[in-house]
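Below you will find one chain, with nothing else, as structure tokens; this is the form predicted on its own, and questions on how it binds or moves follow later.
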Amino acid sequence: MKPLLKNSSILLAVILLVALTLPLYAGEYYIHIGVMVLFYAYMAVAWNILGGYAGQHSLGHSLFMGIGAYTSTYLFSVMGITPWLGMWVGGALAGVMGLFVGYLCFRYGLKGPYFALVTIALAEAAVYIATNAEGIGGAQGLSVAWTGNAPEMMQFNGKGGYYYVILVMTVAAIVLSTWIIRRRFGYQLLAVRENEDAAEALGVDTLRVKVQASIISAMLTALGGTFFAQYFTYINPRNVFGEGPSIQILLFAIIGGLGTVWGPVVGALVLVPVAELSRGWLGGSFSGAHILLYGTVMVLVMLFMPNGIVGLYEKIRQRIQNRNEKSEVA
């Protein structure tokens, strides 16, 4: 047991060292891959609070991503308000929407596939509304006004600045996720996920718990939407409200391990580099290669690692611990 823990600590320290120093030695392309790993890790951690801890699988989380992206971009490009402030305005609006969606669904007992279908429908409705709203660019979307190297406006020459912004956001999301799961609220979320009727019998206000999880998850996702807009400097209804971001976020959480702190991070760390590299190497001759890759990995994980990569690690760790305990008794 101790060697395994020691090796895990060493591995984590190496990963942190590589993450902190990546922009110092890597080229722009590999820094971009690092940014994408951290971005999707952050978004999957945000989704995991509702989908993993509480067991309410939203398939339309791009709704909140789009709210954050459009709010901060509009405030910045039209009104000149820095995205550092606009992201919190977008987060607040997404939190209100999370409250609305959560209360509307959970108050009337929608769960499982019914909740998933409602979230998909709302995200698609947002695509339609944004496409027909000329005040926010309509189908053409919005471009982020470039002001040069201006950290106060969340704009940087090169990708290194963006890398450290999303690194801080991801670390903060992981810390918050860890804090939640170790508090009473976290235990209530897990109780709701495992058996909602039993949780209610024990005095847990399941409606309140699920709505709170929806609000927190929505706000965090909206903050990620602001980063997405600033990094790519362009958004349109489909690339922020569409089904693509929602499915990717969900896949990373499932493949890494639902309901675990590190599962979403591991899922993004494993899948994003392979997908980005395959897109770069095969994109010209094999369009959609990364989508095929996602599907293949998803099938393999569901067949051989139903609890995700982190779940497999925990299973192996438990087996080693049990074997060591038996050896000590003998």
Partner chain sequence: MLEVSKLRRDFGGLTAVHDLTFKVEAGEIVGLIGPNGAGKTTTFSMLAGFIPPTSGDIVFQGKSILGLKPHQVCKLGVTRTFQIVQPFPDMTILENVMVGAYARYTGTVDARRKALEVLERVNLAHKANTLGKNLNLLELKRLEIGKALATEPSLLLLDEVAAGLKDAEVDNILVLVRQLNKEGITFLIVEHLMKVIMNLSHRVIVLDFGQMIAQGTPDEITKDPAVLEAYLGKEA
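Small disclaimer: the values here were computed from a predicted structure and weren't measured. Numbering follows the first chain given and starts at 1.
FYI, the form predicted together with the partner chain isn't displayed, but the following is about it.
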A201: heavy atom within 4.5 Å of the partner chain in the model of the complex?
yes
Interface membership of E134, the partner chain in the model of the complex, 4.5 Å heavy atom rule:
no
Is A191 a contact residue for the partner chain in the model of the complex, using a 4.5 Å heavy atom cut-off?
yes
Would E152 sit within 4.5 Å of the partner chain in the model of the complex, counting heavy atoms only?
no
Honest question, do R183, D197 and L207 all end up within 4.5 Å of the partner chain in the model of the complex by heavy atom distance?
yes
Only one of 230-238, 68-76, 175-183, 123-131 has heavy atoms within 4.5 Å of the partner chain in the model of the complex; I'd like to know which.
175-183
Which one, F100, W84, Y164, Y187, lies within 4.5 Å of the partner chain in the model of the complex by heavy atoms?
Y187
